[in-house]
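Take a look at this single chain in structure tokens; it is the form predicted alone.
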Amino acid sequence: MAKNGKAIKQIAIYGKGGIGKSTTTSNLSAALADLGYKVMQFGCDPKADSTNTLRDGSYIPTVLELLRDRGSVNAHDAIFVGYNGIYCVEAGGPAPGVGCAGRGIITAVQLLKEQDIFEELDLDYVIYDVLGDVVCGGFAVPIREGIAQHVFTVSSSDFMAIYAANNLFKGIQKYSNSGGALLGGIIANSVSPESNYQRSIIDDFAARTSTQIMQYIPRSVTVTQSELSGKTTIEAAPDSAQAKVYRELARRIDEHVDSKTPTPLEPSQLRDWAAEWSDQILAIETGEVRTEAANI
């Protein structure tokens, strides 16, 4: 609980590398800050690049870097202020080729909890930006220990993104009975409005795993332009259509309370499901289907 008795809403955003997870998380943080909330973004990727668009493209020292340099760290030394007062923290990782990449998450979370930083800063939101290719060790901390109450995954309609999301669902299911975080839903990224089948694929996966789509985010050159200038879309192009999409996502997550345990697909089920969609898309592309399937 925060100092004034309000609950701190802690959420984790997972997704495979390169799916747009950090882009989505940073724009979500910026949109929530614009709504007047006190937000901390907690980067959990060893690359330590989660928060740079919240700070004009600049990178910040990570918790593990500070510990290696000093031996002990005052948590305030690892917290930097970004766009609209967002508190930025990067857990970091070990030296290349040495140790577990998840160690930075474990160490950073312990540091901030031991020094009561969340309560001291009177936060409304802590948003963990977590690499979701592998849900094990330190990367599972926000789920396993119930640090995050709600988990959202960023996924496209591509098979490997869905494969990573399904693995995440397995982790949530495993830890749900022991106080772990639950699933809020899927953020469908790079889903083109012109491609009905992309939306149909991600919708079908959500339905089969007992979850929901929180928002469809189209691919946009506005995002590229904004990030090249070291900013989020919310900051660089606040009146753009893409910024409106991120603000709607923030509103939906702000109002979200009903997270659930998903029902992940078994490997054979996922493979069969993917094969069915492959056949449908091939038939549509070759003009073999002229019935209902052609409208997906």
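Residue numbers here begin at 1 and follow the sequence given. All values reported here derive from a predicted model rather than from experimental measurement.
One more form of this protein, predicted together with a small molecule, exists but is not displayed; see below.
Shown alone, this chain has one stretch from 112-120, 162-170, 218-226, 203-211 that lies within 4.5 Å of the small molecule in the predicted complex by heavy atoms: 218-226. In the predicted complex, the small molecule sits within 4.5 Å of a heavy atom of K16.
Taking the partner from elsewhere, Q198 is found to have every heavy atom lying beyond 4.5 Å of the small molecule in the predicted complex.
Contact annotation: K47 falls within 4.5 Å of the small molecule in the predicted complex, judged by heavy atom distances. By the criterion of a heavy atom within 4.5 Å, T62 is excluded from the residues contacting the small molecule in the predicted complex.
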